[in-house]
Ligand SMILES: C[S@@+](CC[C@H](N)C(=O)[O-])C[C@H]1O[C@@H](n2cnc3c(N)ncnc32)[C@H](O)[C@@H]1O
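Below you will find one chain, with nothing else, as structure tokens; this is the form predicted on its own, and questions on how it binds or moves follow later.
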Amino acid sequence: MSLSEGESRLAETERHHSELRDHYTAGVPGALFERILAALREVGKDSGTLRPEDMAPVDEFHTLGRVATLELARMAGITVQSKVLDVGCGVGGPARCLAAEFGCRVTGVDLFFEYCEAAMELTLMTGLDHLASFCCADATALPFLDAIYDVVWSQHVSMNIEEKRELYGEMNRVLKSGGTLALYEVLLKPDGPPGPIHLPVPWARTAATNFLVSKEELRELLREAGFIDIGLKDVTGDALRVFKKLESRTRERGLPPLGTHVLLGLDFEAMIYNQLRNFQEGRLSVSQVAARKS
């Protein structure tokens, strides 16, 4: 690669990261951690006695929330001995859930310092900092040695990542032989209606940060990366029911004090509506995935 090509690629990466940061911080005023604390106080949660489940409405930032985290953990076979890497950890909800429920050690990585900072502060407040830690890193260039994790975990992250071969290649690299990849993915339905999905959705306000693939494309990407025994469990029906309830409740009562909009901003209401339409029209599906490194 020439110097100019390398500079061009770096500039493109930086532009994409900036677009993602704009999406996930949404110009909402105030430090992220302080906004979460304020929302917790509004629903009567004492910062001195916080449990991981108290924060689930805001820090389990994926379809079906904490229920999906626990189900994926069982699918992945996580135990107290597991050493887990959570790629795209957000503010640390799943990492704290796994640490609390199974007693395993979890390292979370996220692209944004603001999210890692909030994740560490909230983990300290729940007394789980001896099991869960966080660092800022790019998922396509993980700062870890080869073959050191038993489980690599990621929920609703790949939709924002164009370089999927690099992503799954890095996940494979840091896994031990025989280790498990556990994913929770929003996927395109190739037999859905023509045209793009309705935007904004929780992971993208514009097409610039939306990089969905189909179930078969995901299988092929994982095979190319060196994974075997790829199992997918479709949970689209459950996701549709959740979004129907969420859209109806939001339309009737507005957004609650504690929820994903604390991270994303008040246009989360439009994201809920569009995601429901995408499910209803058969444009998107949701799958839990477990695969093994050979």
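Here the structure is a predicted model, which means the values were calculated and not measured. Residue indices: 1-based, along the sequence shown.
Just so it is clear, the following notes concern the form predicted together with the named molecule, a form of the same protein that is not shown.
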Can all three of L40, M55 and T123 be found with a heavy atom no more than 4.5 Å from the named molecule in the predicted bound form?
no
Residue-level contact is defined here as any heavy atom of the residue lying within 4.5 Å of the named molecule in the predicted bound form; does R173 satisfy this criterion?
no
Please run the contact check for D110 against the named molecule in the predicted bound form: heavy atoms, 4.5 angstroms, yes or no?
yes
Looking at the partner-bound form in the predicted bound form, is Q155 within 4.5 Å of the named molecule by any heavy atom?
yes
Heavy atoms within 4.5 Å of the named molecule in the predicted bound form: does L276 have any?
no
Where, among 134-142, 98-106, 211-219, 190-198, do residues come within 4.5 Å of the named molecule in the predicted bound form by heavy atom distance?
134-142
Those residues of 50-66 with a non-hydrogen atom no more than 4.5 Å from the named molecule in the predicted bound form are D59, E60, F61, H62
